[in-house]
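The data below hold one chain only, encoded as structure tokens and taken in the form predicted on its own.
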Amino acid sequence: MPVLKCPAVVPNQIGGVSAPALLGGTFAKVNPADGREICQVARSTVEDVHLAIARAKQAQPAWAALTVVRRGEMLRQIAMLMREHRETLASLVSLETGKSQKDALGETDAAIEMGFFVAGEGRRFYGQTTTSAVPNRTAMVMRQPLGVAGLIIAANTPIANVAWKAFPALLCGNAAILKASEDTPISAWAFGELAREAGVPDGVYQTLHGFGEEAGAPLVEHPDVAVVSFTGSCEVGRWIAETAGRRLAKVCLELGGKNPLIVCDDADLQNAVTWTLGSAFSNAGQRCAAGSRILVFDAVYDRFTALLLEATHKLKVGTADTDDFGPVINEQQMHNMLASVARAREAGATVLTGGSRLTDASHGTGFFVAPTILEHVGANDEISRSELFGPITILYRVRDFEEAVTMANDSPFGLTASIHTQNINRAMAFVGRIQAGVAVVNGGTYGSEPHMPFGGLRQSGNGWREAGTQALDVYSDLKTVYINHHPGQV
């Protein structure tokens, strides 16, 4: 049984071997809650990437030759090991992200459920059987693996992000290479240890650590990587689409969001406040599905704002289970988002609360940002159209439903959206008209389930969906099969 204790140097996992980077480089991983170094991490370069791809290419055919049911059984074993080690996994997630053990457990349990769901799809790996216009011919469609999958994840929910990509990529018969976020290498390493313990063959699942330019880019550029799945920024996503697109590789992009939450004049305001707090501030706002644009009808704007500010002032920031959210993942991200708030203030925005780093004795060495609410921001201002990935949200006053939906849709993104109303006709009109991959009535902008597809429009993604059975479409291709037979030759 593996001992999931954070190593002094987090190694790569290539071809069944845990080893340092080939050139010996490392970098420091610090705890965002106190700024102290946790460990060193292997700093991979192109040599490590090419070795992992070679091992993956060698191992993939035998993995694909197993029945999909057998692959699903092995993935179920990973999920069972994750459940057995859930407290330890959550502790590692808490250590490297600064979120509370309670929140880390919630994330870990979500990753486990993803494993069980995808493993079950091994018994439902559906194709299609249909009719043919040709006599004595059977027509069918079946799935086939792509080959080597390059998986590049973000740091916001590290163990869940691994599960979202690794489980479906492996079920479909691919060999998978995961490039962990440099901000969250430890939980990715732990998943790799459990995959090995579960019996996943050497070279079928591998983990690389390092920076995007040095380790992620060579993975994207390599001609033997058949599919690249990336969760992260729009800027990097565009580069991946362009680079992998030159060789016509498959690319799945799950990018940013600037997600609207509409509060109508007939909304249950207390419920709307509760969901606004969760959408804007849970996980320190580090969600692509965060509610960062709150569009409130003029008739209830002042009352809703007062209730929201009252509730926000009660939020506790820290790492304890009694706290509401923790730090942002690194110092640079903290400085970037606070600079954006400062520019908005200079342009005329009003900061109703927050807008600064927490610098008291219990927060000063960490990367904690106070929950921040702005108003008097233009719909086309920089802060309205760029993702900050922090505990920052903006209030907008709108006249009515028509203005709210128009403003909600006027965005470079189209990931998630929510409306709060007691009018079923208004709710259904919103569902029909909102331009987003996910629409929610009387809830938050976040909260995906493992059996449901997740993804967005425009700069939020390129059309593929992860989670749900739709994730299998990302990591497999279709093969049309015709079988001709001759009844007279029986």
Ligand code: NAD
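Numbering starts at 1 and runs along the sequence shown. All values reported here derive from a predicted model rather than from experimental measurement.
Form predicted together with ligand NAD: not shown, discussed below.
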Practice prompt. Taking 4.5 Å between heavy atoms as the contact cutoff, choose which of 415, 284, 104, 166 touches ligand NAD in the model of the complex.
Written response: 415
Fill in: Candidate from 278, 355, 232, 147 lying within 4.5 Å of ligand NAD in the model of the complex - any heavy atom
232
Worksheet entry | Interface segment, criterion being heavy atoms within 4.5 Å of ligand NAD in the model of the complex, picked from 75-83, 233-241, 119-127, 186-194 | 233-241
Discussion item. Can you tell me whether residue 312 touches ligand NAD? I mean in the model of the complex, with a 4.5 angstroms heavy atom cut-off.
Written reply: no
Discussion item. Can you work out whether residue 454 and ligand NAD are in contact in the model of the complex, taking contact to mean some heavy atom pair no more than 4.5 Å apart?
Written reply: yes
Item to complete: Although ligand NAD is absent from this view, report whether residue 212 comes within 4.5 Å of it in the model of the complex, heavy atoms only.
Response: yes
Discussion item. Under a 4.5 Å heavy atom criterion, is residue 257 part of the interface with ligand NAD in the model of the complex?
Written reply: yes
Practice prompt. Could you tell me if all three of 292, 390 and 395 have a heavy atom no more than 4.5 Å from ligand NAD in the model of the complex?
Written response: no
Fill in: Residues in 135-153 with any heavy atom within 4.5 Å of ligand NAD in the model of the complex
152, 153
